[in-house]
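Only one chain comes next, encoded as structure tokens, the form predicted alone.
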Amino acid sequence: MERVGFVGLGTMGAAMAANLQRAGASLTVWNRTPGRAAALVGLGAREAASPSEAAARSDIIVICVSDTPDVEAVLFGPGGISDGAARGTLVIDCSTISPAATREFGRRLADKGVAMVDAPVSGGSEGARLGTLTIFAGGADADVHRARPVLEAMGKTITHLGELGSGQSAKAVNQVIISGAYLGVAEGLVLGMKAGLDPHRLVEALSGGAAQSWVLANRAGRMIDDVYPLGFKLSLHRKDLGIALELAMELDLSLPAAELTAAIEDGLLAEHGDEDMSVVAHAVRGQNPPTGAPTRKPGPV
């Protein structure tokens, strides 16, 4: 494997970088908040003082940060990757950001002789830790081929979906679909509990039929207990959903279920933004009514 740099050691990034180190990468890491690299250094990675230094020590550099402005900052800001990357360096962006911004960043890097692949991920903190992430890749064929050994160290399902930006568009689709899945499971479970059903037996029954899903299998317990330890932050999903809704607007498309979920999440952000996105069930329970979500009285049966 080529020399690899990793920028962004949050909940997802730290676990992904650790899997690269375990796979034998010669790894250099950087994180904006000091101290996050200690465990990786203990595994054998080197810590850089800046994204520029990480890039200078790397042939391939992976980014995993929160949002579009964060990616732009680590790429092109003071001490950014573009300052240290040699011609022929490959940037792999595993963040979830705007497809249009991704294409613009790719053009700016290409002017410096640096290639880019967008490779946003899905699978939550569990997938990052276990190396089983789903990865949506966009970029030139040769660049994605070069990126594949790095991606395979972090994920299980890697799909090349087209030119640069295609990975981000696919991730937007993913976030729209899971928004409906989370809300559907939350509404169903709360309905069952209000109707007097044993929720654990209900989940067992549902798991054998058409309602079975990853959300039901992995997040139903949190919804039942009304406790939401972090897997994937609600605030990050709301950010991702905003990207998807912006893309839909560009395409003159209405996404009513995603828009409803966004309204519900908006009502939860202030108090529950750092909890797992399954906290949408808390709103369905009526303990924290969503701001802006449509309500109506039930009609006659």
Ligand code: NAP
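If you're wondering where the values come from, they're calculated on a predicted model, not measured in any experiment. Position 1 is the first residue in the sequence shown; the rest follow in order.
Only in words, not in the display: the form predicted together with this ligand, which the text now covers.
Answer range among 70-78, 107-115, 152-160, 202-210 for contact with this ligand, defined in the predicted bound form as heavy atoms within 4.5 Å: The contacting stretch here is 70-78.
Residue among Ser179, Ser95, Thr89, Ser169 with a heavy atom within 4.5 Å of this ligand in the predicted bound form: It is Ser95 that has a heavy atom within 4.5 Å of the partner.
Option touching this ligand, based on a heavy atom within 4.5 Å in the predicted bound form, out of Ala220, Val121, Ala147, Ala85: Of the listed residues, the single hit is Val121.
This ligand contact in the predicted bound form: Cys64, any heavy atom under 4.5 Å: Close contact exists here: in the predicted bound form, Cys64 approaches this ligand to within 4.5 Å, heavy atoms only.
Any non-hydrogen atom of Ser125 within 4.5 angstroms of this ligand in the predicted bound form: Flag for Ser125 set to yes.
Partner proximity in the predicted bound form: Leu245 to this ligand, non-hydrogen atom cutoff 4.5 Å: Residue-level check for Leu245: no, no contact with this ligand.
Contact test in the predicted bound form: Ala263 vs this ligand, heavy atoms, 4.5 Å: Taking the distances in the predicted bound form, the answer for Ala263 is no, it never comes within 4.5 Å of this ligand.
Contacts with this ligand in the predicted bound form, stretch 222-252 (heavy atom within 4.5 Å): Stretch hits, in order: Gly231, Phe232, Lys233, Leu236, Lys239, Asp240.
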